[in-house]
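Single chain ahead, written as structure tokens, the form predicted alone.
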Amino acid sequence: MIEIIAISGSLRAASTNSALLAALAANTPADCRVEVYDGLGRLPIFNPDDEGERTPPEAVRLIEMITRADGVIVSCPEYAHGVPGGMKNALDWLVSRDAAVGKPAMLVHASPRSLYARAALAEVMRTMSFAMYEEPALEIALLGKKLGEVEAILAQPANCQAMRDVVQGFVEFMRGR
């Protein structure tokens, strides 16, 4: 069984990025499980002085989840042409660890307008030595949609198939490494 951790870079209760990841988790191939990480808002601000024995419990949980996972999927909004602080903070907790080194990772998108954040996030993750799956990314335009609209869009058969296909491609990428 392939184990994937999915992280939404948004803390909003009605986050389209979180909705996309939840739908993705529900539309995975049979030999794959996607677990959505729910602790982004509980992570303390990264401080190198708090590493080692002083690493906060939520940071330890994230590090262990990434370490155990076969791969990571991130869906992240763009704020002021950049990666939201909470998402960058989560990655900072991984910087001095081996959790990211060679770990397959993929970006998916809930907005066609988050081009700056996508590029910045991919650059940060490559610098951290994540093995980025660079195939055509899954992008389902959910920006500005209400909850009912988001659910309807994500339930469309073509979008469900696109989610299964992108995860299957990511699984094949992981197995080929």
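Just so it is clear, the structure is predicted and the values come from calculations on it, not from any experiment. When you see a residue number, it is the position in the sequence shown, counting from 1.
Heads up, the form predicted together with a small molecule isn't pictured, but that's what we're talking about next.
K.L.:
Of the residues Leu143, Val124, Ala152, Ala137, which one places a heavy atom within 4.5 Å of the small molecule in the predicted bound form?
P.N.:
Looking at the other structure, the residue within range turns out to be Leu143.
K.L.:
Within 4.5 Å, heavy atoms only, which of Arg113, Arg33, Arg61, Arg42 is in contact with the small molecule in the predicted bound form?
P.N.:
None of the other options qualify; the answer is Arg113.
K.L.:
How about Val101 - does it come within 4.5 Å of the small molecule in the predicted bound form, if we only consider non-hydrogen atoms?
P.N.:
Close contact is absent here: in the predicted bound form, Val101 is far from the small molecule, nothing within 4.5 Å, heavy atoms only.
K.L.:
Please determine whether Asp92 contacts the small molecule in the predicted bound form, using a 4.5 Å cut-off between heavy atoms.
P.N.:
Contact with the small molecule, no.
K.L.:
In the predicted bound form, does Pro77 have a heavy atom within 4.5 Å of the small molecule?
P.N.:
Although the small molecule is absent here, Pro77 would touch it in the predicted bound form, with heavy atoms inside 4.5 Å.
K.L.:
Which single stretch, out of 21 to 29, 152 to 160, 165 to 173, 7 to 15, brings residue heavy atoms within 4.5 Å of the small molecule in the predicted bound form?
P.N.:
One stretch meets the cut-off, namely 7 to 15.
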